[in-house]
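Single chain ahead, written as structure tokens, the form predicted alone.
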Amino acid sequence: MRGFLRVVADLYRSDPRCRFAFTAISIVIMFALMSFVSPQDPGSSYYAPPNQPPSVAHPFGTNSRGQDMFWFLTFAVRNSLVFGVITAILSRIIAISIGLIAGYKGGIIDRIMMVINDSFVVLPVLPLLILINFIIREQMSILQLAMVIAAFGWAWDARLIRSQVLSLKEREFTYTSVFSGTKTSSILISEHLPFVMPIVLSTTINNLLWAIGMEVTLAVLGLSNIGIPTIGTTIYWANQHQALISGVWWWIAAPVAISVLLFVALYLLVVGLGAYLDPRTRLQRMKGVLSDERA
């Protein structure tokens, strides 16, 4: 935990992209946490005057259903974040399992796993998700949608992990563990997993970005459970009520602005983290620190 906090502090201090990303993500998370103290239920309607522009009483305005957009969006952002985190965790579990086992075992096990992996790589994900969600969208909860999308979001990352493990299993510490009688599971978890965690961390953020974007896409098309408040379903209902034509621009502007802020922050965090994990960049940073100390 201390090592993780040290990395976060180093990223925040040394990289302006990560500094902006951490600040923006913290704001979005605090906004989502406000849903727990919301005076309004997201399922309620017409408790406020409809179609009111942003004001002191209603910072994000109200929609045509008489809902305060500020408090409604706290639930929508919270559900979208929970969905993205669940999807990222589930897909990481699959990617780590496939990557570690295929890379370490090799041979026929590796070939079989990579055939399955490559099959998921070439699948047309969006059309398949549209078909699945079109069939069962009315019964699909946040968890079920996360499980469906996670099933398609692990293949590229599993290959990255496998390539790292192929190198790790040829190193001396792996041979030492094998000759000492260490179980395969212990080697993978204790010896190899720590080395692939930088890849896992970077791809987790990237997968979180992809998952939330996919949810927004499906919801805007009306292919998810539109009764659950999310960023995507908020935009869907705004389109259904022709918010832009009616002049209720804030109904769309608020969720779009939050989603853009979140996407930009996650993207910058991935870019900054990639630069931080690059050995060449780290070496240049260390040289700069040494030069400053000598000066």
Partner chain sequence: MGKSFLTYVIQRIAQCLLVVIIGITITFLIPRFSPTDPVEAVVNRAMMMGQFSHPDAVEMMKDALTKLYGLDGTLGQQYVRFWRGLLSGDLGPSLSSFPKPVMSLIRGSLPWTGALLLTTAIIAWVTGNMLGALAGYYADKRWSHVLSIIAMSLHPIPYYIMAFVLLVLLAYVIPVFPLGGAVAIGLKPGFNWIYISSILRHAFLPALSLVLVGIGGWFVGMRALVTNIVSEDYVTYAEYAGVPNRTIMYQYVMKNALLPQITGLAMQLGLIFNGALITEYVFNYPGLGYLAYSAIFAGDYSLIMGVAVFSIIGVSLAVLLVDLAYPLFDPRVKHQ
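What you are looking at is a predicted structure, and each value in this text was computed from that prediction instead of being measured. Numbering follows the first chain given and starts at 1.
What follows is about the form predicted in complex with the partner chain, which we do not show.
Query raised in the report: Only one of Ile94, Ile130, Ile199, Val82 has a non-hydrogen atom within 4.5 angstroms of the partner chain in the predicted complex; which is it?
Result: That would be Ile130.
**Report entry** Options 95-103, 116-124, 69-77, 82-90; stretch whose heavy atom lies within 4.5 Å of the partner chain in the predicted complex
**Finding:** Among the candidates, contact is made by 116-124.
Requested in this report: Look up in the predicted complex whether Ile135 has a non-hydrogen atom within 4.5 angstroms of the partner chain, and give yes or no.
Outcome: Taking the distances in the predicted complex, the answer for Ile135 is yes, it comes within 4.5 Å of the partner chain.
Report task. Report whether the minimum heavy atom distance between Phe263 and the partner chain in the predicted complex is within 4.5 Å. Result -> Output for Phe263 is yes: heavy atoms within 4.5 Å of the partner chain.
Query raised in the report: Does any heavy atom of Ile142 come within 4.5 Å of a heavy atom of the partner chain in the predicted complex?
Result: No, Ile142 sits far enough from the partner chain in the predicted complex that none of its heavy atoms falls within 4.5 Å.
Query raised in the report: How about Ser259: is it within 4.5 Å of the partner chain in the predicted complex, going by heavy atoms?
Result: Because a heavy atom of Ser259 falls inside 4.5 Å of the partner chain in the predicted complex, the answer is yes.
**Report entry** Triple contact flag Ile29, Met34 and Ser55 to the partner chain in the predicted complex, non-hydrogen atom at 4.5 angstroms
**Finding:** No, none of Ile29, Met34 and Ser55 comes within 4.5 Å of the partner chain in the predicted complex.
Query raised in the report: Looking at the partner chain in the predicted complex, which residues in 223-258 have at least one heavy atom within 4.5 Å of it?
Result: Leu223, Ile235, Asn239, Leu244, Ile245, Ile252, Val256 sit within 4.5 Å of the partner.
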